[in-house]
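One chain is shown next in structure tokens, namely the form predicted alone.
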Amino acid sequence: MSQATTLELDGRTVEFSPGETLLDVARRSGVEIPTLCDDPRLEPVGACRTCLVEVEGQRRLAPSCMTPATAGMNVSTGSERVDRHRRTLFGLYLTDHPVPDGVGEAGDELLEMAARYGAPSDWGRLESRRGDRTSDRNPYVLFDAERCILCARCTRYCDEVEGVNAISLSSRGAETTISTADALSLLDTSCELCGGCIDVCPTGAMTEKLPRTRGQEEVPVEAVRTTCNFCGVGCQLDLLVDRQANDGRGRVVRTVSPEPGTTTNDGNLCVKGRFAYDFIDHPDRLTHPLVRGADGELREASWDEALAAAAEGLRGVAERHGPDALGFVSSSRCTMEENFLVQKLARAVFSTNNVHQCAAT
């Protein structure tokens, strides 16, 4: 190991690469440092102060997310001074945050960390003065100001990843909150309703409306990894499934993104991938093939009957009017292979190039 590329981390000599921060080095070395405002897709801002570490020779604790690794550094991530800082910091956070019975709540990173590091939870409670947006008429995103810790992950994601700046920090001091221009509904802003603000929020201040309105917020769910089928990008997502619903058949409660850096879409989703899952259990969704009889009414049929009727109809049009009288439209909800077969059916079987797919670019 070259001395020019090593530092001491909790008594161990570890290597680092130019441009890495102390947080990068710690994570790569398997050392846990708590963070609330950090996201690998965002530029570090050092806003939450939970990732402070002790660097020998420096008077103040250093934010590991913004401190460049330097040769010869001696860094401590768990000294008595660092531990005292974390307990105090999380204790202060809890005075301005809803705390359920017993500190620690699944999905709320702040409460989980406060419990893990032994933060005091009996310091009293300050009434929140942050502006709420519970009356926003948008159908998907709910903002609960009481749970917000102003880490700005949501506003930075909206700016740095989506590039739409629909939300930002508004007001000053204790009244600082997450808002839109002129406090408009998200529907009246540049918001694309991608739900990224929900995904990056560490405390559940930004959350999804539909599970709440359906009383599904607290139901036990199982994460099922799948591929979004609304277009051809192949974004990965996790369906949170209530296995007990629909008489044991299960029901999708909501979707979440995988960890950034682990999938093609880097943890990002669009409005369809994030929120358009109701079609799965929609009452109008077809569950059996239907064939129209001589009386003009649709009736249930077997797949063999339905395919035979479709083939007869297509052949009849081609024979009477020629192949270019036919048009084939496939669906973005089909797989790539299924869409490939549709265009082969059009071109090779019926000799027409009139084929389209709704996600084609």
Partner chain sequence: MDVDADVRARRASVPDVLEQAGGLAPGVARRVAHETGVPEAEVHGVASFYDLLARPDAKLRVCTGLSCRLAGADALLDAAKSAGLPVAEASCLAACDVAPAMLRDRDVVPAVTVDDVRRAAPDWTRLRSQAAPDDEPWRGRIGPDGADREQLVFDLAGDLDRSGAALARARELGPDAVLDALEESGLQGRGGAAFPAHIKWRGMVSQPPGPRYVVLNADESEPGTFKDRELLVRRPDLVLEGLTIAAQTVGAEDVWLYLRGEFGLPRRVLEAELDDAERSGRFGALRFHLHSGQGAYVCGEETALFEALEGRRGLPRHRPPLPIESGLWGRPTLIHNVETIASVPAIISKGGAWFRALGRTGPGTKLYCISGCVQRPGTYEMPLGISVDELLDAAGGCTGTLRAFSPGGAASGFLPASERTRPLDFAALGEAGSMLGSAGVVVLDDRVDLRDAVRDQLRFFEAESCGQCAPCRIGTHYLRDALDRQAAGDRDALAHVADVAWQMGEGSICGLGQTAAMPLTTALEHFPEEFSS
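Numbering follows the first chain given and starts at 1. Just so you know, these numbers come straight off a predicted model, no measurement behind them.
The next section is about a form of this same protein that is not shown, the form predicted together with its partner chain.
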Its partner chain contact at V141 in the predicted bound form, heavy atom, 4.5 Å: no
G46 versus its partner chain, in the predicted bound form: is there a non-hydrogen atom within 4.5 Å? yes
Taking 4.5 angstroms as the cut-off for heavy atoms, does R299 touch its partner chain in the predicted bound form? no
Should T189 be counted as a contact of its partner chain in the predicted bound form, where contact means heavy atoms within 4.5 Å? yes
Would you mind picking out the stretch of 275 to 283, 214 to 222, 237 to 245, 76 to 84 that comes within 4.5 angstroms of its partner chain in the predicted bound form, counting non-hydrogen atoms? 76 to 84
Contact residue in the predicted bound form, from S171, T264, T226, S135 (heavy atom within 4.5 Å of its partner chain): S171
Exactly one of A308, M66, C334, L314 comes within 4.5 Å of its partner chain in the predicted bound form through a heavy atom, and that residue is M66
Residue by residue through 268 to 296, which ones have a non-hydrogen atom no more than 4.5 angstroms from its partner chain in the predicted bound form? none
